[in-house]
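Heads up, the chain below is alone and in the form predicted on its own; it's given as structure tokens.
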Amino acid sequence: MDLKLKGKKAFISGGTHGIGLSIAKNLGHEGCEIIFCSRTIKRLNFTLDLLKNMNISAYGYQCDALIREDVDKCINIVKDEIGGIDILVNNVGGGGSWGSEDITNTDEIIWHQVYEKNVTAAIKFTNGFLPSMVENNWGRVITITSTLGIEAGGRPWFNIAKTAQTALMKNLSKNKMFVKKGITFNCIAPGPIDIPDTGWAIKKKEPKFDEFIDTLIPMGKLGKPEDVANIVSFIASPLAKFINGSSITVDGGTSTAF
């Protein structure tokens, strides 16, 4: 299927690992020009080389999403060097396994850092790139949230942050000033996704892990980053023009929310 994305400029925050990297590759294969940011130069350079070896036009910028000045600087450099963005994927985030299950033994800084990395970064990138979408009468803002952004469970700082991201996209999807300009706002809510160097990678080493997964996930297996990326590419496309304000789960049936 031709998703009609050739020539679109897509910015992916945290686009060098796991879901973000898979989204970058997927959108790149659809003909998008890929712009991404990463906290570490090592991952940034690795991803640039990887994408360019795939004949994908790519630009990478160093940015720590926990530092507001870094995010502002990244946005301004992208606008100066690349120009307007057609597709924004707010992917950077995390924190679901940070701290302790006992909130009284978790430093308050964890609450703030998880909120900053997920919500504040999404707000800043959205505000930064929306004006060019309005000017072009077309745009996509897609935020990678979590099933824990639509139902209870998990550690509260993560629930709060992901729920706030979901509320942000839903609220903007009702704003006629933007949506009548052909801009849509949607969430993709992953469930258990097998990503190296994350909480699930650690859990895989535990006894009876397979039994645990079979009980947790109706399909009996973890998802892959490309399962999320495939949905992102469709939602980013002109074919999804009437999908606005949705939160689409990619979780193998794990969540219990309607």
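Counting begins at 1, following the sequence as shown. The model shown is predicted, which means the values in this text are computed figures rather than measured ones.
Below: the form predicted in complex with a small molecule, not depicted.
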* Which residue among I35, A65, A229, C32 has a heavy atom within 4.5 angstroms of the small molecule in the predicted complex? -> A65
* Answer yes if any heavy atom of F129 is within 4.5 Å of a heavy atom of the small molecule in the predicted complex; otherwise answer no. => no
* Asked: According to a 4.5 angstroms non-hydrogen atom cut-off, is F185 in contact with the small molecule in the predicted complex?
  -> no
* 4.5 Å heavy atom contact, N45 to the small molecule in the predicted complex -> no
* Asked: So in the predicted complex, does I19 come within 4.5 Å of the small molecule, heavy atom to heavy atom?
  -> yes
* Options 78-86, 104-112, 134-142, 154-162; stretch whose heavy atom lies within 4.5 Å of the small molecule in the predicted complex -> 154-162
* Has each of T40, S146 and W200 got a heavy atom lying within 4.5 angstroms of the small molecule in the predicted complex? -> yes
